[in-house]
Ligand SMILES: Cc1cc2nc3c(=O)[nH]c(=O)nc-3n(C[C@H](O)[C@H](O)[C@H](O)COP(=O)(O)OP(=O)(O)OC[C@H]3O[C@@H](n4cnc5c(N)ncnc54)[C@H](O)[C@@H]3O)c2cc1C
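Quick setup: one chain, the form predicted alone, written in structure tokens, and binding and motion questions come after.
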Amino acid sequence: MKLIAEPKIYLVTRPAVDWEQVATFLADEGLPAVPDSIRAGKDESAAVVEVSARMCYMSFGRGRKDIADFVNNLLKSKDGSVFEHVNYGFVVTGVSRSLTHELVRHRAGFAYSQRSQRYVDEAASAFVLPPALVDSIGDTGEARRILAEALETASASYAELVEALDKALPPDKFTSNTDRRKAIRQAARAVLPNATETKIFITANVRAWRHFIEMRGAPFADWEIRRLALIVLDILQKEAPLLFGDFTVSQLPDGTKTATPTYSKV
């Protein structure tokens, strides 16, 4: 039985700008060329925000020349809609079904594609250790023993259920072998715990990611999803510092970290 202590997170999609089309638009409208109209330079995430924000007032080539000042003014003013044009997608592995049950409550601006327990055999599935049993400030040896025993029982019960159902469900009652396998696995998964490891593709726009990090990076959030929020923040602060640089990371007495934005609820 494999126990996972840390998730793995991969940034797999990011925004891109077709600068030829932007240049054509500016020329058609009789506006200054790209360098004078769009101040974000090669920072494509900031450029998308800038183009969309300047579109509202056709302020290309005018106003704030410093892109950091421009973006911070949008954040301060809570002009959040322009941040919805910028999307980032992550592949996340090594997280629990417990985490994803909370994650998918974030709906506006998010898209999810998650590993299916109906299609994928979970007989050799890994399990995720709750952070309290990994990074706890106390001695969790006994707690880990109890958890390991429970997980081993659940894994064995799943395998037994699959075998029993394979014998009990007649093939001629199904239109295809795939439907029969799904029927078996969807029933057998009833004994799998929230700690079962899953994999999920998450895409969200900047406004949605900011809201997720603010909510799930707060002290009251579950430790596992808070850890995910902090890792996502670290990646996005390096990827798009102008859009996520106002978050401050602090450490609590229990050793866990929190994230707090300067510009809340954009």
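We number the residues from 1 along the sequence you see. Note that this is a predicted model, so its numbers are computed, not measured.
The same protein also exists as the form predicted together with the named molecule; that form is not shown, yet it is the one meant from here on.
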Residue 54, heavy atom within 4.5 angstroms of the named molecule in the model of the complex: no
Distance check, residue 199 to the named molecule in the model of the complex, heavy atom within 4.5 Å: no
Residue contact check: residue 216 to the named molecule in the model of the complex, 4.5 Å heavy atom: yes
4.5 Å heavy atom contact, residue 265 and the named molecule in the model of the complex: yes
Heavy atom distance at most 4.5 Å to the named molecule in the model of the complex, all of 78, 85 and 243: no
Contacting member of 115, 97, 106, 185, with respect to the named molecule in the model of the complex [4.5 Å, heavy atom]: 106
Partner-proximal stretch of 44 to 52, 232 to 240, 219 to 227, 28 to 36 relative to the named molecule in the model of the complex, 4.5 angstroms, heavy atom: 219 to 227
